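First come two forms of one protein chain, each written alone as structure tokens, so that there is a structure 1 and a structure 2.
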Structure 1
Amino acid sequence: MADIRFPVERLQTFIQAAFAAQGVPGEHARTAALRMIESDLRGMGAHGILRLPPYSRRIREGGYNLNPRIKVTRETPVSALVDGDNGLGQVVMTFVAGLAIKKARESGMCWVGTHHDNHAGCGGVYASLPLKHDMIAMYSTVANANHMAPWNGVDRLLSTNPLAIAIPAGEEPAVVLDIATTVVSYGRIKLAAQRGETMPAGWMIDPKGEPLTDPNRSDEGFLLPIGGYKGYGLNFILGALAGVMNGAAFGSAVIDFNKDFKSTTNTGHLYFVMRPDLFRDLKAFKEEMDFRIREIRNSTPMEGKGPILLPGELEHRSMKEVREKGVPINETLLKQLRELAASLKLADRLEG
């Protein structure tokens, strides 16, 4: 069955109402809904409204602190460590972004780490927040379940540990790289299972190294890193920076939030923001970014291939398409959302 599309504003209101009905304070509900729908807008459905049912279960089972006291526990003019007090990840990371932007505006750059945080969704959403301030940003996190083994190993001690970097341009859309350090995010596995699809060979393997293509059997294997051992190395480094350095969970300390909805995850995030004008005139920087973007885009494609795209171009196109046509919702997810709406007695049951 084809996905059903719903207007962006309707789903954002729906998410906000669902959070509010479960005791999330009004401003926090609004912020979480906005960050989630921004994921859907970017075409990153694995981090959008798809997450509302499991987030809601975590709320019901006491896994979140719905009234967190988010605070800075260590600070310099160019850095901060933020204690998320087990609040909604989207809310904590929005606080972090605001803090980092303020410090970078004053000091030129800022690195913020978090602990006692939670899953926050699409990295590209947070990397993109400083763009309207003409700033560069980098985001990473220790993801909330271990789905990868060390290179040549079989113990699942590593997660998808994503990396997102956003660089502003002038007339051209910003360049936004948003990748997992595994071949795909685990959210893509969830989507494949919901849609009754098989996975391509190369996404996951079993402990014997054989391809695993049934998403419903994902617990029997593990995700592969991008670029072989190089991706594994990058995954570990990001985990050390977002986890170990922040006093957050990493390795065997990571809680699988797909199975455990009660335990505190102590998720760690890293967030870096800087002003390009530390290094050159801002106008000249943006003009050259435009030139290099066009140079790459207009370069010669391989025979039978093309067009040549820059990181973030597909997401930029998705934002326009989704605003015009609506957010696609698959049948399985829609059933879950309708059941949630009924249980919470929401005015909108997503029926029509």
Structure 2
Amino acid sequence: MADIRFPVERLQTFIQAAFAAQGVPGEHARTAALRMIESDLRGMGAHGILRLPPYSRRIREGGYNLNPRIKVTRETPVSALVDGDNGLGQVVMTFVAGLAIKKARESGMCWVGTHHDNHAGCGGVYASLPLKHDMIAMYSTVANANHMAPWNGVDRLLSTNPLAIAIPAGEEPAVVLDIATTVVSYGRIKLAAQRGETMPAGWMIDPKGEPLTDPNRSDEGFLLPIGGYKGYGLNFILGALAGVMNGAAFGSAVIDFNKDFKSTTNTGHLYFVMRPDLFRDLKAFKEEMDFRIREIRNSTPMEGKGPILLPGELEHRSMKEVREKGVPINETLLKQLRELAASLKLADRLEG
């Protein structure tokens, strides 16, 4: 069955209503719905409404604190440690972004770390929040399931630790990098299994180091880092900065949130915002960003390849398309959403 497209506003309203019906305070429900639908708009469906069923299960099983007191527990003019009090990650990270933007406006830059936080979804969504303030942002987190081993090892001690960095431009869309430090995300593996696809060599290996190509056997293997030992190293560094430095989970302390819906995840994030006009006149900076973007976009494509894209360009195009055509919902997800809607007596909100 082909995906069915649902209007953006209807899904956003539905997510908000579903959170509220499960006891999430109104403003928090609104914020979480907004951040999730922004993922769908960017074409990052793996972090959008797809997450509503597992988040709802975590609510039911008591894994979240629905009335968190989000607190700044350490603070300087350029930094903060935020205790998420086990609230929804989207709510905590929206608070974090607001705080970091405010401090960066006053002091030039700001680094905020979180602990006692939760999965917040798409890194590119958060990295993009300071763009309208003409600021640069960087986001990372210790991802919530260990599917990777240390380089040359077989123990699952590392996750997909993503990195997102957004840089404003002038007339051109901002450049937004949003990558896992693994070759593919675990969500992509699950999708291959659903579709009955074989995985190419280079996505996963088995415990003997041989390519693992059957996605149904993914539990037996390990995701591969980008660039081999280089991506492994970057993954560890991001884990140390987003996890260890904030007193948040990393390594063997990570809870697999796909299997355990009760335990507190103690997720850590890092979030850094900086004003480029610390270094250069803003107008000149944005004009040269445009120039370099165009120089690359208009460069010669390989025969039979192209177009040449900048980081974030696909997401930028997706936003227009999804707003016009709606969010694509696959059969499996639609069934889950309908069940959730029925149980919460919100069927009319989903179906419109």
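Every value quoted in this text rests on a predicted model; they were computed, and no experiment measured them. For numbering, take structure 1's sequence and count from 1. Just so we're on the same page, rigid core means the largest C-alpha set that superposes within 1.5 Å between forms.
One of the two isolated chains is the form predicted on its own, namely structure 1.
Comparing the forms between the two structures, the C-alpha position of residue 113 differs by less than 2 angstroms, with the core used for superposition. If you fit the rigid core between the two structures, you'll see the Cα of residue 201 move by 2 angstroms or more. A rotation of 11° separates the smaller rigid part from the larger between the two structures once C-alpha atoms are superposed.
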